[in-house]
Ligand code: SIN
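Shown here is one chain on its own, the form predicted on its own, set out as structure tokens.
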Amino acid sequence: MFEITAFDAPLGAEITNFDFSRDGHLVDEIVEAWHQHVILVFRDQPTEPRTLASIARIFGTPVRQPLQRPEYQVEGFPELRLLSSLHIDTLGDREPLRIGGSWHTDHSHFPVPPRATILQAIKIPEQGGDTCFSNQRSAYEALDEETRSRIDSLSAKHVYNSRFTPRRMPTITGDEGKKQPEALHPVARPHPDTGNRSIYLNPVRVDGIEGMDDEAAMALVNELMDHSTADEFVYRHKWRVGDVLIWDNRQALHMVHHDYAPDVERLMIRTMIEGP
């Protein structure tokens, strides 16, 4: 039987001794732990696409990956994507992309963003390459009443590539660009399962806030980001090969640390779960 052990951190728990063929039917227990801890880490899982796809189905329906380029694809699994630190911007300047290297939540420019992201470590550097997570639910709850009242009625505009993004996004074709949606989401977004609010922002995607000019909007975004990514809300995950990590995009931000040699590969397989 698997065991769930909470981290000594603002969020997260690890699941050990998990075997999908034996424990995959215990959906309610696993999902309840996920809602509580925001992040779950399944330790020592086989590094094969079928394992990741099987674990993903515990949490819902996997999303077909939106950019189906050869270097990203996992043969036979359109819901999976390779994320390699050696990937370059093939349609742009052909420089390394260093994907995920700033605080964000995945695909927030979709009207119904993926509720979860699942990542498995295939190859990791000897040092570095950690992923940090911020508990946006706790960050919201720690705001003073005046600030909560101020943001509860606000909605932010999310686009594929914000004018204010802190990092580069992959260059996309004209056809790919036409397929990229835009969306409005509450800045203090209620969780559809629990009703608890979280600060829901994404500096890579947020291009403005309804009813505010750009200067005031981005000042508020920066203020809330500084608050919600303070150490008291952050867990830093040190990967082991075989780790499968799932997090709730509605309650967490994440960021990769590219603090290792540029010629060293950090290789992950990712899938995402349909919202809400």
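One rule holds for the numbers: they count along the sequence shown, beginning at 1. Only a predicted model underlies this, so the values are computations on that prediction, with no experimental measurement involved.
One more form of this protein, predicted in complex with this ligand, exists but is not displayed; see below.
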{"property": "The unique member of 34, 239, 42, 233 whose heavy atoms fall within 4.5 Å of this ligand in the model of the complex", "result": "239"}
{"property": "In the model of the complex, the one of 11, 268, 252, 15 near this ligand [non-hydrogen atom within 4.5 angstroms]", "result": "268"}
{"property": "Options 195 to 203, 182 to 190, 149 to 157, 96 to 104; stretch whose heavy atom lies within 4.5 Å of this ligand in the model of the complex", "result": "96 to 104"}
{"property": "Non-hydrogen atom within 4.5 angstroms of this ligand in the model of the complex for each of 83, 119 and 131", "result": "yes"}
